[in-house]
Each structure stands twice: as structure tokens, then as C-alpha cells.
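Take a look at this single chain in C-alpha cells; it is the form predicted alone.
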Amino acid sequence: MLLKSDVKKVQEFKNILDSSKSIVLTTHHNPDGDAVGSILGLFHALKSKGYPVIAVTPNGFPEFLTWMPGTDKVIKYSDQKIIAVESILNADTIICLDFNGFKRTEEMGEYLLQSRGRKILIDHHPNPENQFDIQFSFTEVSSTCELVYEVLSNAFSNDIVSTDCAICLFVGIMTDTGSFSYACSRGRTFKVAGELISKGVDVEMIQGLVYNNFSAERMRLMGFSLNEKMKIFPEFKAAYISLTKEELKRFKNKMGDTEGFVNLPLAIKGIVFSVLFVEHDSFVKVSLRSRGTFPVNEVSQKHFNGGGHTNAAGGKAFMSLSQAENYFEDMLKSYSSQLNKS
């Protein structure tokens, strides 16, 4: 439920939609379930009302999300750069979903900045940048998909949510809460999920398509990560997993195969801080998770050129993988007191 102070903002949002001849929906680089769910959920809703809407992502998304209704309508900047750039530069309105600054879209961000279209933010990450004409920014919600549902319901009515729209929004809420195991202490989150289910969402089917739809190689990579690559530091209540490019190649890694690996060490008794390091050509991708009050977004911002939520963040280390590991192990000492209080 949106704040009463946002009623005027919702009406302004609707007025902008009504006056737009071209609306682009976009999200962050390497989109996850919440990003894909929010862009597709909003796409279905606005399309049903006859709005001229186009969905553009910086690149592709994990294979376990490609079944979602509408994925074939998405323009991927990495594959269709000319069409994507033209769509962005010619848009009257750009709705940015599940990211709080254009740098999260990587190379595509320069064209978002160039576009003269009005820019609307719908997002649940803290500290949004000031590049947006309208902001629906709530860190309290479980996911951007939950916030999209609230904005749609207030701007139109619950009737705008079709079965396809509901499926996409439910996927985002489900994946961003780890199947309702974290970031879902607000009762409203479960009410929204229930309202989406009433629109025709088959929960068991969606659970199966998202969580039981991996390759054998991905499962072997997970086993290898836990057995061979996980390091535990009980004195700091911390653990990490690191994967080299060669190791990923060995297990025929595809985009999204390491999704969720960072959460695995948190299942160990006493561990409250977990990190996943994945080697790329020019940097190391860093994913951080925590339980309790330990602020991984602050760690990511200070040490790994990133940011995010208190319990879920990401960043990049511009050094070798072994250097990133050593840096992290040294860094842990400075957080010893804070971690042991978490």
C-alpha cells in the first residue's frame, strides 16, 4: 500500500503515461527474477490498456526465467543495439525498474542519460540517484515487483493485473525473498502475493519452473563450489566461495547458473556473512549476503565499488581473483566486532 503522500505522484504518473507516444521500460544489467518480473509485469499491464510500451534490457537473462510470458518481446541492447538505442532516444517516457542509478545498466546508461524522455523510477534499493523526474522508491517492500503492483493498483485498479502480469510479478516477489524466507516480514507482502495468486498464478508450477529447472552441470557446479571452493571463518561468522573462469568453463556455465550460490553458506550454523567471488575477464564480480543487522551494502560500497540492501548487495573488484580473496580475508578482521554482534 502506497503512502497517502504519493496519491498526487500516482496521478502524475498516470498523466505522463496518457500523454506518451512511446514508453520504454528498462532494468539493470544481468537482470534477475525481480528485474525480469517487474519489467514484464508492467509491460503486460500497460499493453492491456493500449499504451505504446517497449521493453528493453541491457543484456539477456538466466535460462530459468526465459519461460516467463513476454520474454520474446524484450529488446536486448547486447543483441540489438541499434533498435535499443533508437527506442531509448525516441521515448517520451522511460520507466526504470529495479535499479537506482543509470550506471547499473552498464554501457546502456549513457543513452538513458542522453534521452530527453521523462524518467520514472520504481525501485526498492536505498539511496536512489537524482536523475529521475518521479520516484517510487521504497526500501521497505520485498521487491520491485511488489511495488509495481502497488503503483498499478493505485493508478488504475486491481483489474489491470492479468494472469500473465500476475505470474511475472509473483516470480519477482518469490525470487527476491528466497521463496518467502527473507525480506518479507511485512504482512502486506503476503497480501499482495495472495492477490496475485487469485489472478491465476499456479504457485507449484512457478516454483518448479524457477527452482527445479537447472542443468546437471549447474548442480555439479554447486556441489563443487560447496565441497572444494567454500572457505569458512567461524571466528568472523563469515564464509566465501570463489570461482575461476576455468572452473566455470569446466562446468559449462551459463548465465544464471551461479544464482543463489552466495546464499548457501548462510545455511551453516553461526554464519551471518557470505560472499561469492566470480572471475571475469577484467574484474571479479562480488555478491554479498548477510543475516541479521550486518550491513553488506556498506561493505560493498566501501570495498567493492557497489551497493545494495542491508542484507543483499553486489559490486566489482578490479583485481585478480586471488587478490580479491586475500583482500577479503584481511578486511574481515576490521569487521570482527561488528560481525560477532550480529
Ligand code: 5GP
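In this text, residue numbers run from 1 along the sequence as written. Quantities reported herein were computed from a predicted structural model and do not represent experimental measurements.
Another form, the form predicted in complex with the ligand, is not on view; read the next lines as being about it.
Chemist: Although the ligand is absent from this view, report whether residue 312 comes within 4.5 Å of it in the model of the complex, heavy atoms only.
Modeler: Contact check for residue 312: yes, within 4.5 Å of the ligand in the model of the complex.
Chemist: Just checking whether residue 44 would be counted as a contact of the ligand in the model of the complex - the rule being heavy atoms within 4.5 angstroms.
Modeler: Because no heavy atom of residue 44 falls inside 4.5 Å of the ligand in the model of the complex, the answer is no.
Chemist: Please determine whether residue 305 contacts the ligand in the model of the complex, using a 4.5 Å cut-off between heavy atoms.
Modeler: Looking in the model of the complex, residue contacts with the ligand include residue 305, since a heavy atom lies within 4.5 Å.
Chemist: If you check in the model of the complex, is residue 125 within 4.5 Å of the ligand, heavy atoms only?
Modeler: The answer is yes: residue 125 has a heavy atom within 4.5 Å of the ligand.
Chemist: Ok, 119, 237, 104, 218: which has a heavy atom sitting within 4.5 Å of the ligand in the model of the complex?
Modeler: Exactly one listed residue reaches within 4.5 Å, namely 104.
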